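What follows is a pair of forms of the same protein chain, given separately as structure tokens and numbered structure 1 and structure 2.
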Structure 1
Amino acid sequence: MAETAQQRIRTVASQLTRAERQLADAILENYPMSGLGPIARLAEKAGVSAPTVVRMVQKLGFSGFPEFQSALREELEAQISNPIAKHDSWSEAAPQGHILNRFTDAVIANIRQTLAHADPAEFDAVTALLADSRRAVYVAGGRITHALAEYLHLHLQVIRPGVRLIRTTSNAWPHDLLDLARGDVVVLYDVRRYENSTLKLAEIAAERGAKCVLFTDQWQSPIARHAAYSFNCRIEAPSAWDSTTAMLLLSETLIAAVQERAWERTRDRMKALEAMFDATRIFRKFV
């Protein structure tokens, strides 16, 4: 019985039903505060009904909601009176030095610094470029960053026409540049161990009058000199490799910004896409 409600929830997490899991998430979301109010408020917050709450706390081994609540209060009291337990780790369940906490610390620091250095005017300008459907968009990444390029490409494709992914890892990439016209946009990802082929691509694109947008690391790829806009993302991590999380964040934000700017068109394209998905039955019908 020395077990906290949080632990109990985790223990039974696997045997919970859909609504119960939803509820468990809501409780854990800002634990234990949300459990201290009346049952109806908790139910509403979790988007389930009050009986579901009762059933779930009974599954956790409490006789009913009041007992559960009083357990929460006791835990909270113990925690508050013990200042060592101050909330400064990401995964409460993991020890302080666990890699889950160490790595997340580093990534948050990366995000903070990346955002601090990002120029909103530049960001808005890039958004405008990408939202302009008269310009074709080419997206390219290197060995490590190809996954990011692919991700950006996938989403931009839904938002607007004329988006192409270039694989610089294959040596057929010059084929992809045949249609490149003055004023087109080339988005490049390049992080350290900067790649020759990506640099070549940027040189050619710049020469042909395309606007290059570069996502690079804090040490800046040599491509920067050819780029009209460049975002420097911190990528340091407590690992033999770097973390591209901040870079993904910036890319996703860019996607969101472009989409916001071109929402009318995007919505139509999404509808068309949905219709095609329905026709192909790729996805499960519900949920």
Structure 2
Amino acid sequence: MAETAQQRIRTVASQLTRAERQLADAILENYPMSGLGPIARLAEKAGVSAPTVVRMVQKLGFSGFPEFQSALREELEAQISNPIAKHDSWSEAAPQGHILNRFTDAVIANIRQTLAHADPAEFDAVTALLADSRRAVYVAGGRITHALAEYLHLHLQVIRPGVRLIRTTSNAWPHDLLDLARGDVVVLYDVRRYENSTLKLAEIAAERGAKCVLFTDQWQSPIARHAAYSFNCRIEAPSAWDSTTAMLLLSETLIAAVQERAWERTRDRMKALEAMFDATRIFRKFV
């Protein structure tokens, strides 16, 4: 799967001139819509010349501005695809072979491309934030991604105190933000057909000085403009639904990293939890 134009911009960021960096910021501000108008409008918004726009899109690997815009239109179409349209698209181009192999190949490719674009320094910074027990942690997802949010929340609860799950599918979620303080961490999951309630949560959290961490897809949720850190995960698969395997992989790796960073505290909490499991006989004993 080809890189998105947004990913190409981030890849070549260190090679851009000052004017090209201004242009990149203008494109990313309301991506991908910002790049779909006339070249003169984009140049004016960025405070650069039209030739600068042409030079930069060529630096990104496009033959010119029309090809760049064509790529943006394809990305926008993919972002708003519903499950039926996704299924039809995959069916038309479905390769020969069993679905087990086709789906697995797609997921492995998603993982590889996700990891290729993950920044280890950002990952370590998020690990440090989540391991800091002075900061409360709030976790939220959407209609589908709430399962990932619940998974992260369950594990972080064992590792550290002060972790809360926000259910954005409920109209009572604003109550969960009453105790949100400056410097707290809000972890959000949001993938295409991005959800308004999750976006509003991010806006409120950012306004209140929280650090937002976003897990999103390759096209990037609009929440990204409120996030201190974003992890863009590949999600396409030969199915009417997207695959969240790459997102789960990053989440599980983050859980392992936070646990390792705060192991002494985690071990004590695990011991206390196991004692409660024994007292309540939740799990079957074989001895």
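Because the structure is a prediction, the values reported are computed rather than measured. Under this definition, the rigid core comprises the largest set of C-alpha atoms superposing within 1.5 Å between the forms. All residue numbers here refer to structure 1's sequence, counted from 1.
**Request:** Eyeball the pair and call it: which is the form predicted on its own?
**Result:** Looking at both copies of the chain, structure 2 is the one that matches the description.
**Threshold 2 Å Cα movement between the two structures for K271, core superposed** = For K271, whose C-alpha is compared between the two structures after core superposition, the shift is less than 2 Å.
**Request:** Could you check whether the CA atom of Q220 moves 2 Å or more between the two structures, using the rigid core for the fit?
**Result:** For Q220, whose C-alpha is compared between the two structures after core superposition, the shift is less than 2 Å.
**Prompt:** Comparing between the two structures on the rigid core, is the C-alpha shift at L199 2 Å or larger?
**Reply:** Not so; L199 is displaced by less than 2 Å.
**Core-aligned Cα shift of A46 between the two structures, given in Å** = C-alpha shift for A46: 63.1 Å.
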